[in-house]
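Here's a solo chain for you in structure tokens, the form predicted on its own.
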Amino acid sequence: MIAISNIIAIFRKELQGYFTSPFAYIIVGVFWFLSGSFFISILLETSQEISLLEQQGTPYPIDAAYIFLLRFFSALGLLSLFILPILSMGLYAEERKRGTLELLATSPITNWSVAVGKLLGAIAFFTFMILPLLIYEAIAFGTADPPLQPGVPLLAHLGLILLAAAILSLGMFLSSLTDSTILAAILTFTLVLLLWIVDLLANRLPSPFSDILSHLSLLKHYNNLIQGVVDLSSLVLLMSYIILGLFLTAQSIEALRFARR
């Protein structure tokens, strides 16, 4: 119970920090502008393509809502690669810069509780960022013919949040290694970009190395989920990245705690 109370306290502090930061509002504004622009441009492009195919008399039924969902969430995933490292860059780097990381490391609160609380705060803020998109999607999917199965967009949103949690968790670890927020953001972006395209690199390697590298791809498993495929291996892989980031962060702070003894 004490651990849960500590996690909730850290979570509230972290989430409050985002909502009181002018820089965070700039990030939110940029995200809303770009995601809204993607939404409109992809919707118009998909509508025009479907209309053209219907005019040509295509013999196959076209699920326009599903096609739009795939394209829009692919764009959101790509946009997240740039936005999420900025959200995670200050999670520990700011504490280290202000000199409060040593206090945190030597406090009775466990490293895991601090890391989980911080990560939950960052995930909650990202969830707040994507909330307005639900209104647009409800309007677009509500008029779709044929209607989109409710499970498909739900799984797509779950995939987006799990992808965000994985990136934020790995970014949090990298943030714990430096007092430079810019360096933390660059390292996170580089790592996530590598994990995003690792399956492309895997195609150049012989088996079984290509199979192993391909399984580590964020893009591959994110695409499985936004396609509405309930793939247990994709869920396990994304959860593994989240736990790995938490574990490495806790160990990083434990090393700092040991150094201060």
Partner chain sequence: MKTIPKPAQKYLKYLVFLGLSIAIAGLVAGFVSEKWSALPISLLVVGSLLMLVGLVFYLPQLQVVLQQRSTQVGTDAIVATLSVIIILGLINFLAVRYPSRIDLTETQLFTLSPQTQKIIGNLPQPLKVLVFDATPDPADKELLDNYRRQGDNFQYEFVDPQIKLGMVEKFGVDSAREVHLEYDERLQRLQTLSEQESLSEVSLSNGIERIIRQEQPQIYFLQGHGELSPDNSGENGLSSAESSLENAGYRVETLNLADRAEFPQDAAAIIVPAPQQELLEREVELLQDYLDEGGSLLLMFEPRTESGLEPLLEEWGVRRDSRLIIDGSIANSSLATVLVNNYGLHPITADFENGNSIYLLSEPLEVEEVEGIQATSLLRTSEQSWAESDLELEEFEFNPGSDIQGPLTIGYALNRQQTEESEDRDKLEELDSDEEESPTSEESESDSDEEESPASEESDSDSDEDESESKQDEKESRLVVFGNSRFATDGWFKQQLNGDVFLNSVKWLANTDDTSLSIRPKELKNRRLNLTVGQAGMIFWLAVFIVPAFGFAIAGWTWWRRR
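Here the structure is a predicted model, which means the values were calculated and not measured. Numbering follows the first chain given and starts at 1.
There is another form of this protein, the form predicted in complex with the partner chain, and it is not shown here; the text below is about that form.
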Q. Which of 120, 83, 104, 148 has a heavy atom within 4.5 Å of the partner chain in the model of the complex?
A. 148
(Q) Please pick out the stretch from 130-138, 83-91, 159-167, 180-188 that is in contact with the partner chain in the model of the complex, where contact means heavy atoms within 4.5 Å. (A) 130-138
Q. Looking at the partner-bound form in the model of the complex, is residue 43 within 4.5 Å of the partner chain by any heavy atom?
A. yes
Q | Close approach of residue 30 to the partner chain in the model of the complex, 4.5 Å, heavy atom | A | yes
**Q.** is_contact(residue 208, the partner chain) in the model of the complex, heavy atom dist at most 4.5 Å
**A.** no
Q. Do residue 67 and the partner chain come within 4.5 Å of each other in the model of the complex, heavy atoms counted?
A. yes
Q: Residue by residue through 20-36, tell me which have a non-hydrogen atom within 4.5 angstroms of the partner chain in the model of the complex.
A: 20, 21, 22, 25, 26, 29, 30, 32, 33, 36
